[in-house]
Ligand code: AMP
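As a starting point, one isolated chain is supplied in structure tokens, in the form predicted alone.
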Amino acid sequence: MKSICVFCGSNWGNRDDYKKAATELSREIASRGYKLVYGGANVGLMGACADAALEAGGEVIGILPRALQDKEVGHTGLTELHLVDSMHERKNLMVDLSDGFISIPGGAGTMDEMFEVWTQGMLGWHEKPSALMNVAGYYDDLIAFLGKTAKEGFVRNSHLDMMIIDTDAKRILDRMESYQAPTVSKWIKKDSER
């Protein structure tokens, strides 16, 4: 792996734990020599991630829709800043530039990014690891729901296991470094098997 993409909130959230985790994760990414790829903003957890990686001597690549740059939330101190025309283009470039993905607390945009790259992995469109950093129990309800998707027959257990879930940045990165994508079909049963 050469670069890790972090999906996270453009807000701070209500707990100091979120900023602490964003900072620790980004420092760990930089300390391992990986580039940090993220959404390009200088606000909220996004800004905390970029600042922490840069302060640790890492390279940071931001990808920001022009509409958000116009609102002056773009980070001006990055190694590279790519301005794009849409959120769709932003996600595509994040996938292209990254060797793995970690979601930390965030809102709808973070969920959108996380689910899209995980689904692409299920479909075999890439073999890159995806991880969920469950800071202060933030993702407990989502993790329970993901278990239900497998229990109810909508997601294979092997695909559910593709999502690395942990609370610790070092363990997440260790598991990402040894990740092997499953070689099973996304579909549980073909229409002819019902």
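Residue numbers here begin at 1 and follow the sequence given. In this text, all values refer to a predicted model and were calculated from it rather than measured experimentally.
One more form of this protein should be noted, the form predicted together with ligand AMP, which is absent from this view; the next part is about it.
- Checking 81, 73, 87, 93 for any heavy atom within 4.5 Å of ligand AMP in the predicted bound form turns up a single hit: 87.
- Checked against ligand AMP in the predicted bound form, the candidates 37, 131, 53, 46 yield a single residue with a heavy atom inside 4.5 Å, and that residue is 46.
- Mapping the unseen interface onto this chain, residue 98 falls outside it, with no heavy atom inside 4.5 Å of ligand AMP in the predicted bound form.
- Using a 4.5 Å cutoff between non-hydrogen atoms, residue 8 counts as a contact of ligand AMP in the predicted bound form.
- When ligand AMP is considered in the predicted bound form, residue 77 lies well away from it, no heavy atom lying within 4.5 Å.
- In the predicted bound form, none of the heavy atoms of residue 103 sits within 4.5 Å of a heavy atom of ligand AMP.
- Contacts of stretch 83-118 with ligand AMP in the predicted bound form, defined by any heavy atom lying within 4.5 Å, are made by 87, 90, 91, 106, 107, 108, 109, 110, 112, 113, listed in sequence order.
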